[in-house]
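In the block that follows, a single chain appears as structure tokens, in the form predicted alone.
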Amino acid sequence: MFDSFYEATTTIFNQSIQAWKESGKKVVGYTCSYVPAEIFFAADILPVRIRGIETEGMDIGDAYFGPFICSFPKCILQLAGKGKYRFLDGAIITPGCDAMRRLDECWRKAGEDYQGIVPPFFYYFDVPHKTLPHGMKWFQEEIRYLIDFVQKHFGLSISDEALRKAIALYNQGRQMLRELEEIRTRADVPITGTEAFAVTVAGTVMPRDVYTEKLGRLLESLKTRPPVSAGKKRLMVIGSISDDIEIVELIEKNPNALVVAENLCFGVRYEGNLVAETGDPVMAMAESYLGECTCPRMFGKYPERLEILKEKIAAAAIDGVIMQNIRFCDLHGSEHGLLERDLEKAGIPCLKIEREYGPLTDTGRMQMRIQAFLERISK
């Protein structure tokens, strides 16, 4: 049941993407959860989240980015330079943070030295930092510009009706992910955190109709699956980009630990937000994608993010929160300091871990800190 989700989550060019390409259809990658994937699905183009797994070495990433920057965009550039993303017919770069904004410049520059690594459709999709009326109007315009560019580049038409159908399909998957999240809040949890995270990440790289069908069958199977939560501490993992299941696996290698919730850049934090299925589809996507403010890149919304987190912690009966962020991630690194202060004050134990993105090279150090944290919350 989980094999297809694991395969999609742990490989860059997974079987679903291969099958899509073999059918002669286009694939476009995007780097940030603020890009409405529905636009591409409505155009019969496969949208896939660009990731940095399978990175070996960092000679290209270091050459164009330098040493003092988050390793996630460096891993993406490294993979692009090695030709791992040549299957993309297009790529969209978004300023989730300054490091990701620079990926646009560095990828284009590296393309002068490594021929063929810049996809034919290479687009910078801007996202405002505020949800005030002028920011929402700006974001709607950005979505319309993106739709226009896609139509012109690929020679197709994206109708409002096609957008609404794509929104409805994506909402179906979102409802299922929310159901999965609810199942994990129960006293008897039938799925490990590693399995659940693999299922969630797979949704960002598989054709949505295929994914939704598989997710429906998984939810049905969980009704009769025995619980795995007995005697374990219930943990939540939060923080920056994390699309690699290894960090959750590392936590759950401890026999008394179970991850029952996440609040990560990849995951239900974004995938669980519904989009209105009536009215202007562009306005509906803008209000949903920008309006939730779940990322610390959004100005003035910390109190809202704290309250959302507290509600999830209470719903899942969390014993402790593990905060992870990639080294040099200023956004999450700074906000974790505030969250640790406020959650600890509310009686919720927290552990902060700073790490490099990519292969877990310092697992010993992290495991030691996780074990010490588990000892603390077991007293």
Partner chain sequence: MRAEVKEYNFDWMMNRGVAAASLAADGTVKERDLLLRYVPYFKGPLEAILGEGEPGAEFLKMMAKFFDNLLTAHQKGKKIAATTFCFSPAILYAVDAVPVTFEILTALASMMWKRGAFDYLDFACEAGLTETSCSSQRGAIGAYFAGLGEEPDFMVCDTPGVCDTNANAFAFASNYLNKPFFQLNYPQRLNDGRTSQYHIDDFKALITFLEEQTGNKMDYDRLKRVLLEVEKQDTIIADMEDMQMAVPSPVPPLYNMFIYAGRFICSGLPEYTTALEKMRTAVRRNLENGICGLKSGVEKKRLFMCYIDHYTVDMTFWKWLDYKGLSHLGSILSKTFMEGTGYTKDIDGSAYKMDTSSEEAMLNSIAQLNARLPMVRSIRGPYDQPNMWLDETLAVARAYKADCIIYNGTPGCRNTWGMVKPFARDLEKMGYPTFIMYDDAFDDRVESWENTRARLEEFFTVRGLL
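Numbering follows the first chain given and starts at 1. Note that the coordinates shown come from a computational prediction; the quantities given were computed from them, not determined experimentally.
The following text describes the form predicted together with its partner chain, which does not appear among the structures shown.
Has each of 132, 330 and 341 got a heavy atom lying within 4.5 angstroms of its partner chain in the predicted complex?
-> All of them do, each having a heavy atom within 4.5 Å of the partner.
Out of 230 to 238, 179 to 187, 244 to 252, 296 to 304, where are the residues with a heavy atom within 4.5 Å of its partner chain in the predicted complex?
-> Checking each option against the 4.5 Å cut-off leaves 296 to 304.
Distance check, residue 121 to its partner chain in the predicted complex, heavy atom within 4.5 Å = No, residue 121 sits far enough from its partner chain in the predicted complex that none of its heavy atoms falls within 4.5 Å.
Non-hydrogen atom contact residue 106 with its partner chain in the predicted complex at 4.5 angstroms = Answer yes; at least one heavy atom of residue 106 falls within 4.5 Å of its partner chain in the predicted complex.
May I ask you to state whether residue 41 is within 4.5 Å of its partner chain in the predicted complex, using heavy atom distances?
-> No, no contact at 4.5 Å.
Is there a heavy atom of residue 97 no more than 4.5 Å from a heavy atom of its partner chain in the predicted complex?
-> Taking the distances in the predicted complex, the answer for residue 97 is yes, it comes within 4.5 Å of its partner chain.
Listed residue (128, 111, 207, 173) with a non-hydrogen atom within 4.5 angstroms of its partner chain in the predicted complex | The residue in contact is 128.
Interface residue in the predicted complex among 153, 165, 84, 101, criterion: non-hydrogen atom within 4.5 angstroms of its partner chain = Partner contact (heavy atom, 4.5 Å) among the options: 101.
Quick one: which residues from 55 to 81 get a non-hydrogen atom within 4.5 Å of its partner chain in the predicted complex?
-> Those in contact are 62, 63, 64, 65, 66, 67, 68, 69.
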